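Given next, in structure tokens, is a single chain: the form predicted alone.
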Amino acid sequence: MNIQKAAIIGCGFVGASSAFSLMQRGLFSELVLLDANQKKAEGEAMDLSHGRPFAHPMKIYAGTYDDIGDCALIIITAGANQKPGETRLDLVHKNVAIFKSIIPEITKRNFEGILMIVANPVDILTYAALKISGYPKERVFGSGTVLDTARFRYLLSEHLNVASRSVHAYIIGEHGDSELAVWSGANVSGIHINDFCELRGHFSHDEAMERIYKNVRDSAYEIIERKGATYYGVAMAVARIAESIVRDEHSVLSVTSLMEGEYGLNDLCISVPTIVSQKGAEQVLEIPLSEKEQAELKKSAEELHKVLESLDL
């Protein structure tokens, strides 16, 4: 396995933007692009390669499944796009069928690295990839609510006029309509979010919390309505996760992980804070939740279970 080599399967907006983001970070020395449309993959590889004089040295090329067996990381963005008015869960049957053709091609190549699922609905497709591949749970996880968490921290930082890196808060659950904000643990540099709000002159906590949560939850719909797709934010989230893997950071990120009793949940993949390292999704963390948040997480899991029951996995 070559720790400096990665592959992206799917060269649509998200895949191409992720390739660009990875190139900017200089995490890998070799990046293979795959797509059902080979010419699209070739065009993206050419376009990115022309920027190499301005970035880190990196070999970028369009390849086939035979080129990816020794990759440390394979990122799967392939799948049907979410259309205006369509939920992420509406995509499920189309994209599970696509995964049933992709994953066996990977397992045939004796791949020993990590599979990161980015295509939506990411929680369902991560579970599907885990079941189809038969890989250990640490080696298959999804981008989850890493982007939703970033949106949450950004909106809180704007509301409070403080650096977003000083905001510590998570969105967990389904990467979709049933996701929830963990307000009980939200803080700015150790100061509880409500106390910090009051320090900044904000006292209508319930109204602000509801507004900010809805803006996070509905962000993708708002962007899709305006420009047809979301890709820059998730591409940066993908690069951030990849960075934690390559540099063995053991960073805590809200990726989609398999539940085996954590939070009272079993046999599904859902987004919760997880330690991410070269091993992959190394350890799921059970962060403290209020009773309301526990009930909301259970409800979110039930929504995912309903979908999983309709699939042939």
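Nothing here was measured: the structure is a model prediction, and the numbers come from that model. Note that residue numbering follows the sequence shown and begins at 1.
The same protein also exists as the form predicted together with a small molecule; that form is not shown, yet it is the one meant from here on.
Taking the partner from the other structure, the small molecule in the predicted complex has no heavy atom within 4.5 Å of any heavy atom of residue 106. Within 4.5 Å of any heavy atom of the small molecule in the predicted complex lies no heavy atom of residue 285. When the small molecule is considered in the predicted complex, residue 9 lines it closely, a heavy atom lying within 4.5 Å. Not displayed here, the small molecule is approached by residue 81 to within 4.5 Å at the level of heavy atoms in the predicted complex. Checked against the small molecule in the predicted complex, the candidates 96, 147, 89, 167 yield a single residue with a heavy atom inside 4.5 Å, and that residue is 147.
This chain is displayed alone, yet in the predicted complex one of 242, 234, 188, 128 has a heavy atom within 4.5 Å of the small molecule; that residue is 234.
The putative spot formed by 153, 183 and 297 is not touched by the small molecule in the predicted complex; no residue has a non-hydrogen atom within 4.5 angstroms of it. Heavy atoms within 4.5 Å of the small molecule in the predicted complex map, among the stretches 209 to 217, 70 to 78, 190 to 198, 133 to 141, onto 70 to 78 alone.
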